[in-house]
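One chain comes next, on its own, written as structure tokens: the form predicted on its own.
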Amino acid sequence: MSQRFAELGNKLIRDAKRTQNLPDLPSYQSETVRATVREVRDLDRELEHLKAPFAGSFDPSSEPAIACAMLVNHLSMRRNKRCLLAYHRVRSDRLEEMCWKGVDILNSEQGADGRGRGENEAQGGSKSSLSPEEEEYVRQYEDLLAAYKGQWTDIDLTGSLEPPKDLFIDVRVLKNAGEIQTEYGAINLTKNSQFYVRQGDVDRLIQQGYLQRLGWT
């Protein structure tokens, strides 16, 4: 191996730390993840090769050099696995947070840095910053969340825990959202139109980027 053991895992950890400080979810590092998994498998094969001549009766005290190599391989594999788990945990936590906020993840373009998106296009893939497994995870999580919220149709479980300062607010429509039903009747949300509405009726649309609150500081 041309690089140090667990160096690829460290790269994933750096990307995970960067993700925590970005407003959007950056592109999934598919090549680095695959390379890290390959390194784990290579280390495991090398470990099995070192153990093979001893047929299960290896004495570390009699072969300290081999014992040291086996220990390094084992610790490197364990570190890579922990790095992989941490990387995917950070991304799954962010995806779950976005689901609770009502963000339309699968239909919106992600990729805060744009770098990974270009790599995906060059490889003939989609523009999504998510891996296929993450996209499926989001679909299933959204289904679970919808089923959970469906038990309390009169309560918005994804709303802010802070009480609103104003019952009614001014909003501008940034994207056509069609007709919505409010407590005071139906309104048609067409782009560039403005309305004075009850905040609770449009909170979700503000979170999803369809509306902009006016006079908000």
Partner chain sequence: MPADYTSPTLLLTTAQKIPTTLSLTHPSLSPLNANTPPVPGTKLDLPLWLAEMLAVSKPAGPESEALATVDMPQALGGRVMNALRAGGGSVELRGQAMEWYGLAASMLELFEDEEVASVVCDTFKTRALLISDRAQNTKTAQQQGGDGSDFMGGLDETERARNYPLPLIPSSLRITTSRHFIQIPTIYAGRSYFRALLVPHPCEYSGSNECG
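Positions refer to the first chain, counted from 1. Everything quoted here is computed from the prediction, not taken from an experiment.
One more form of this protein should be noted, the form predicted together with its partner chain, which is absent from this view; the next part is about it.
Novice: Consider G56 of the chain shown here, and say whether it contacts its partner chain in the model of the complex, taking contact as heavy atoms within 4.5 Å.
Specialist: Result no; G56 lies far from its partner chain in the model of the complex.
Novice: Is V90 close enough to its partner chain in the model of the complex to count, meaning some heavy atom within 4.5 Å?
Specialist: Yes, contact at 4.5 Å.
Novice: Determine whether any heavy atom of E46 comes within 4.5 Å of a heavy atom of its partner chain in the model of the complex, and answer yes or no.
Specialist: Heavy-atom contact with its partner chain at 4.5 Å: present for E46.
Novice: Even though the partner isn't displayed, in the model of the complex is V202 close enough to its partner chain, meaning a heavy atom within 4.5 Å?
Specialist: Flag for V202 set to no.
Novice: Select from the listed residues I180, A35, L174, L50 the one whose heavy atoms reach within 4.5 Å of its partner chain in the model of the complex.
Specialist: Of the listed residues, the single hit is L50.
Novice: Verify the flagged residues V103, S129 and L189 against its partner chain in the model of the complex: is each one within 4.5 Å by a non-hydrogen atom?
Specialist: Checking in the model of the complex: none of V103, S129 and L189 is within 4.5 Å of its partner chain.
Novice: Where, within 9 to 29, is there a heavy atom within 4.5 Å of its partner chain in the model of the complex? Residue list please.
Specialist: Heavy-atom contacts within 4.5 Å come from N10, I13, R14, A16, K17, Q20.
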